[in-house]
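Here's a solo chain for you in structure tokens, the form predicted on its own.
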């Protein structure tokens, strides 16, 4: 049996040696071999930098987003194959869907966010303009550009599909190629995933590489522009983080490590209450999905001392209904651990935990299984422990990475918070309660120790994805023991693979650099109204100046009567004068905006199809009856939408009165047709 293929430097590589065996988690049979012998890791990284990086950077965010969507659609067509292959890992169909569909969902999510939240450009302009001089002739702007290196993934065995894809998506969208190094136990599933991706031809050459086997001297070849994203044990994370190349070259290092996640039951919950049942159901789910082999699984169940017996009885009752065995059998609810070695590691952790807790359900040495040999397969009974002394260190220090959780009693809100913090940093925690005051106290108390918190009650349960489900739009990571890193998090994850640079310049120069009009830069006022120009004819800086328009008392009265906005500052002269901000009756802010639109709008049908919003609206100076308004509207940013007959144009609107002072500033968003 030949070792699993790696894909490096644009070609498939088969190791020249026999490699190490990989075994089926259910039967124990050898199903593959693995070796990275013969791989030139320096050449692989160089290939990513020289081939993949430039190819990705030629594409805009929207183009990369479209490729992610196409890839997600292609992989979705091969889900059944990946589900079937997942059986060898000990995963049930539900487990496989959690992994496979979750990974594909991340691709879809980042594709959508890329199109909605990033420009159709290769550079991301971040935040507002910073005025650095007195007159506005010297300004600053933050820009984010793709790093010129490779995103190196070192993944864990428990999510061989979701793990690579949740790291690939933000790096790819940022314009940085990836090199994937999966954990050995389940590398055959990641290898097939990458084969499907390469066979699709969707991604640019060099944007994805795969190493099956040991990492060798991979880290020795890292540069200042590379990024490492690691998922695994805290001890291994510490070793990698301290690698000489990582330290000397300040390589960005993101770790997702051990996590003794907790779930806290509120003191309001009693047997039969919705929150009590939610807590029990969630705990059983987290113990048994993926056989408890999730970095987000609940390891510590912190419950009121008064109901710990009730919780133990309810959880044990639910666990007794869980069938363990061959995941190919549709009646099986929990499959095997990833391998026999992993099962033995869990048993060793259980021995350490037994010094502080007693087993109230399950037997670590015996389990009844369906359609499988319990000795050859890596099967383990779900184990529920109870620590009557929650101050003992073992439950807060030892992680049994399997279907294991420990009940811990608390006596007060402060005590619950203290116990949660003893985990020294977690990926996720949950609070299950209907008591809003308790939830607030716990959230604020434990937030510094957690990357994510789920507050679950009967209302949220209708749509909640559960304690252990990371979501692409939210950060996945945690402080302290959990690694101190963040993955995904929407656009935050994309920016992790980009360099933020503060650019200081004059307005004209900054406009030329960013492609966005900067206040203070030259405006282009021509004989053609900008609203008469199709998207391709518009230029950044195109401007229309319209006005003046005198605001009358009749205008203010009519607007108040017509809209029903009869706030005293618009309708009562004496009350308005008593207001510290006004000298008398003032025009409504929205009247000012409406009058401005009446000034700059070209009324006839034309390329401008719709106004779909305002952003950053500020009212700066009061407008009184008799004031004359002028509006200056300037094309600030032009963003074509690929595949559509129109694009988006952002306009800078500045409404001034006769003395030149600005009374309102805002951005107008319009959809403008492309010329046929």
Ligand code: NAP
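Just so it is clear, the model here is predicted, and its values are computed rather than measured. Positions refer to the first chain, counted from 1.
Form predicted together with the named molecule: not shown, discussed below.
The partner is absent here, but in the predicted bound form a heavy atom of 295, alone among 295, 494, 193, 315, sits within 4.5 Å of the named molecule. Among the residues 247, 306, 239, 502, the one placing a heavy atom within 4.5 Å of the named molecule in the predicted bound form is 239. Using a 4.5 angstroms threshold between heavy atoms, residue 386 stays clear of the named molecule in the predicted bound form. In the predicted bound form, at least one heavy atom of residue 157 sits within 4.5 Å of a heavy atom of the named molecule. Among heavy atoms of residue 353, none comes within 4.5 Å of the named molecule in the predicted bound form. Residue contact check for residue 215: one or more of its heavy atoms lie within 4.5 Å of the named molecule in the predicted bound form.
Partner contact region in the predicted bound form: 252-260, out of 582-590, 252-260, 517-525, 274-282, criterion any non-hydrogen atom within 4.5 Å of the named molecule. Interface residues of 227-243, taken as those with a heavy atom within 4.5 Å of the named molecule in the predicted bound form (partner not displayed): 230, 231, 232, 233, 236, 239, 240, in sequence order.
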